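What follows is a single chain, given as C-alpha cells, in the form predicted on its own.
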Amino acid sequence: MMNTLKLYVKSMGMLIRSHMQYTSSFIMQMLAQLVMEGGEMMAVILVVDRFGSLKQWTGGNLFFFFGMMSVSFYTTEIFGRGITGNFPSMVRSGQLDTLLIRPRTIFFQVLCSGTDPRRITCIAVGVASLIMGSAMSGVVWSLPKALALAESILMSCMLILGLFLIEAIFSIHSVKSVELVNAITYGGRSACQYPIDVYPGPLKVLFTVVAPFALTMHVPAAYILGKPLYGWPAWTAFVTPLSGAAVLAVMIVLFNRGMRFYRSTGS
C-alpha cells in the first residue's frame, strides 16, 4: 500500500513538473481558469443580490455550498485527471494496450497518467467562497464541524471520481462519448452548487439516489450551517457522506469487470 502511494505521489510530481515546463503558458491557463470559475461565482453573487435568499438558505449559505462543490470537484480533476480525461482517448488510440503488460492494476495506472494543476485557481476561488460563506452565515466552528467538512469534501471527491468512471466503463464498449454521463458529472456540479431542496422532486431523487451529491455534500453542509436538511438528526452528517466511497467502490468493481470485454487494437 505504501509503495503504491509513493508511486502515485511520484507520478503526480513528474506530471506537475511537466506542466510547468512552459511557465508562461501555464500561468495564462491558470488565469483563464480563474476567470472561468470567477464567472461561476459571479452567477451566485447575482442570485444573492437579486433574491437575497432561496427558501431557508441565505446568501452566505449559498456561497458556502458553492465553495464546497468547487473545492471537491476541482480537487478531483487535479488528482483524478487520468480517469476524467485520459481513459477514453487511451482506448481509441490503443495506448491502453501498453498498460496491460505492466504489473499494476489498470485503474491505478490510468489514475497516474494525468493531472491538471491549472485547477488550483478554481480551488482557490472555492476556498474563498467557503470562508466568505462561513463568515456571512455566522458559523461557529468546532471540531465536529471541521471533521464533517473534511469528510464531506473527501467523500464528494470519491463520488465524483466514481461518476467519471461511468464514462470510462462505457468507453470500453463504445468509442462514442456518453453525453448522459456529462449531464450527471458536469451538470451535477452546476446544479449541486445550490442546496438540493430548492429543486423539484425528480432532481432531488437524481442527486440523492443516482448521483448522491445531496448525501455527500448537502447534508453535512446543512449540519455545519445549523439548518439540518430534511430535518434529519445531526449524526447523519457523518454517515451519509460514506455513500461517496460506496459509489466509488462499486464503480471500480464494474470498471474491472468491464476491462474483461476490452479488445486490444493489436498495437
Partner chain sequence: MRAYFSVFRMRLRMETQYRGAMIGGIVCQVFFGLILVALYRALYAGNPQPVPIEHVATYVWLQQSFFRMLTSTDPDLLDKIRNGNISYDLCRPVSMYWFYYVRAMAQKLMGSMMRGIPMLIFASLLPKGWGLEPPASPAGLVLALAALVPGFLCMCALANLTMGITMRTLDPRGISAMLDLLMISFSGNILPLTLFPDSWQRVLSLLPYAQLLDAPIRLYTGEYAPIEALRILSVQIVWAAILIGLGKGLWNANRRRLIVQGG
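Positions refer to the first chain, counted from 1. Since we're looking at a predicted model, the values are computed, not measured.
The discussion below concerns the form predicted in complex with its partner chain, not included here.
For the three residues F73, K227 and P233, a heavy atom within 4.5 Å of its partner chain turns up in the predicted bound form in no case. The closest non-hydrogen atom of A183 lies within 4.5 Å of its partner chain in the predicted bound form. By the criterion of a heavy atom within 4.5 Å, L46 is counted among the residues contacting its partner chain in the predicted bound form. Within this chain, Y194 lines the site of its partner chain in the predicted bound form, having a heavy atom no more than 4.5 Å away. Contact between Y199 and its partner chain in the predicted bound form is found at the 4.5 Å heavy atom cutoff. Note on the interface: of 30-38, 64-72, 236-244, 219-227, the segment with non-hydrogen atoms within 4.5 angstroms of its partner chain in the predicted bound form is 30-38.
Residues of 49-69 placing a heavy atom within 4.5 Å of its partner chain in the predicted bound form, in sequence order: D49, R50, F51, S53, L54, K55.
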